[in-house]
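Here you'll find one protein chain in two forms, each presented separately as structure tokens under the names structure 1 and structure 2.
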Structure 1
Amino acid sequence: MATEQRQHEESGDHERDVGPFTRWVQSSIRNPQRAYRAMFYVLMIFFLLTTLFPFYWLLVLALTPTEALSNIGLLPNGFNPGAFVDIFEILPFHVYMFNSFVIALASTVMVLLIGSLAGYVFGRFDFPGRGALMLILLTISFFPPVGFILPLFQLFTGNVNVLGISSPMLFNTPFAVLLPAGALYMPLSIFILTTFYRQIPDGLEDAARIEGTTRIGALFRVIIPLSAPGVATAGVLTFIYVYNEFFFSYLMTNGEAENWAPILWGVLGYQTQYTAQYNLMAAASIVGVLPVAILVVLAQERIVSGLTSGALKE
């Protein structure tokens, strides 16, 4: 194709009286591949601009000094990186971030431990009720969280009595967010793990059993190490989902950093001040995006395979 293009360009040199656009159109008609190529680049640039421009503008807003905060253009009116320091001084933003990390990591560990067992069973065993149980899991992942919020709220605030014992006070602890958020995203992880466990050849498991490992030993020493990519995929997705979660993060804490409120409350915190601290909101948003942005760059293969295998299998 490259040689063809060169030929067209050469022939274009002979017709110097026509403009470059006409020349391009003529050569495109002769060679439609070129037009498709151009369309492709236009589309690609359009998508890159629309996805990335809001982040660039956020950075411009964050770098604009407080007194110049009006009609922000393409470049900041001034340069004030201090906003990235101020966000940590006005609110304990680092504590909110720490809380979010703890909640997201803990629910990832929970989902992987419990989900691995379930994924292993669904991937490698055939037993009565298998289809029905998987269907139940699928249904759960569709249910809106508003369907559970009220009883869960009562459960976590110690207002439910079971045999005279009131439920533990989990409100304002990390569990109030990580249990429901983890449980709601667990079915997706189970589906991902099921597909990975299914791909492991039976022979390896049998060999391990003959070597004298127990069933559970075979799971932890043979199956899980072999399905490490699947476990990593489920882990990355669960972390991202819980870190990004809004519903329970918003309703299951009172928003105080010392009460395990996640990053959501930090980002919204600059909104309720008397002065409108738009540059701080922007700076906090950028800092809050960084962990997941890094994760996407490092683990994009995992994310892509996880989303597609988790969603398209059933």
Structure 2
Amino acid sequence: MATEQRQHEESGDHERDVGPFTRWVQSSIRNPQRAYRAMFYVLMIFFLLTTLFPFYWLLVLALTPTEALSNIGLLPNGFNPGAFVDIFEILPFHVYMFNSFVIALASTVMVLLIGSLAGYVFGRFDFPGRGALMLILLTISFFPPVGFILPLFQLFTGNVNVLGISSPMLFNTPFAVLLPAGALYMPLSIFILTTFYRQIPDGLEDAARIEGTTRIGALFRVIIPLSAPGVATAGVLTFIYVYNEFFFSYLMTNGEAENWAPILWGVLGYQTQYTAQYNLMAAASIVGVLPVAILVVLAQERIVSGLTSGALKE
């Protein structure tokens, strides 16, 4: 008994001799859950600061009057909610939002349609070079958009002639943005859809084929409904990417709302050569991001429900 008490006192003296970090490490080794909890809190705080603080700063700028922006701090220097009304009175900001919404929605439909056909081929068929071809597709998606701007600009402005036939004039049309943006994001969507389509049991598709359904019919009647989480994920990511796209949105239109200029031009419209209304630009950014935020909230529920209801047993 005396020996155990002496060992306990010696261990207590040893813990007092070491530093606080060493004591925390020793305590974490004895209690791993404590270390996991600490890491969770650190990552959560870092995530909140890096994601929510920019939105908070936009709100601070939007609520601060223009004449008080020079003395701004972490809190709004004044209270001017009228900025959220002024953005629609100075410019037709709702038209810019509508343009971006239509372009992003059309791109999503195009990517899901073509990507589903390609994902079905990659996921349900075995053919030579399938892995190499998928790798090439994924590599294309990482190409910088600036590498395509010159040939695409020539193509969309009708300056490309093939056998005496000029390319169509697509500048200042939705196709000048949705075609290149959708094409750059399509490889990643094909990869996502391929992963989900490959997990569908062959017996379900074979049963549909026996009933007289073609492969295309089996894709749209069996494969896609059972792969709802993957389709929803690819669609949401495509919509967000095209809606927030900057490069082609800026260079493929002249900035006029009636010429299908996206929301980017609406935000930049409050900045002139000599002045910049930062509070209106911040208010426009907040209003413009609301549709995407709502979509993400709704899509999370759809994806989770798809994962729980789409479980399959062969």
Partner chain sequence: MATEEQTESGVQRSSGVYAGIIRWVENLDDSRFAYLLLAPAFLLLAVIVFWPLLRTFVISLQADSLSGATAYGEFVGLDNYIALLTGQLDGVALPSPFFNLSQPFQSALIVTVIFTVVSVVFETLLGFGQALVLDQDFRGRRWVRVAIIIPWAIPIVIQGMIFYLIFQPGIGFGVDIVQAIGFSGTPLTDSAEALAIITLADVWKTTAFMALLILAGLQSVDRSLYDVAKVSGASKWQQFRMITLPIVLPTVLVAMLFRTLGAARIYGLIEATAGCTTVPSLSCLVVTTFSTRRYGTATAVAFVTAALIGIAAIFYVVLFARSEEGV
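Keep in mind it's a predicted model, so treat the numbers as computed, not measured. Counting starts at 1 with the first residue of structure 1 and goes up one by one along its sequence. Throughout, rigid core stands for the largest set of C-alpha atoms superposing within 1.5 Å between the two forms.
Of the two copies shown, the first one, structure 1, is the form predicted in complex with the partner chain.
Annotation for residue 286: C-alpha shift under 2 angstroms between structure 1 and structure 2, rigid core superposed. If you fit the rigid core between structure 1 and structure 2, you'll see the Cα of residue 253 move by less than 2 angstroms.
After superposition on the rigid core, the Cα atom of residue 63 is displaced by 2 Å or more between structure 1 and structure 2. Core superposition places the Cα of residue 51 2.7 Å apart between structure 1 and structure 2.
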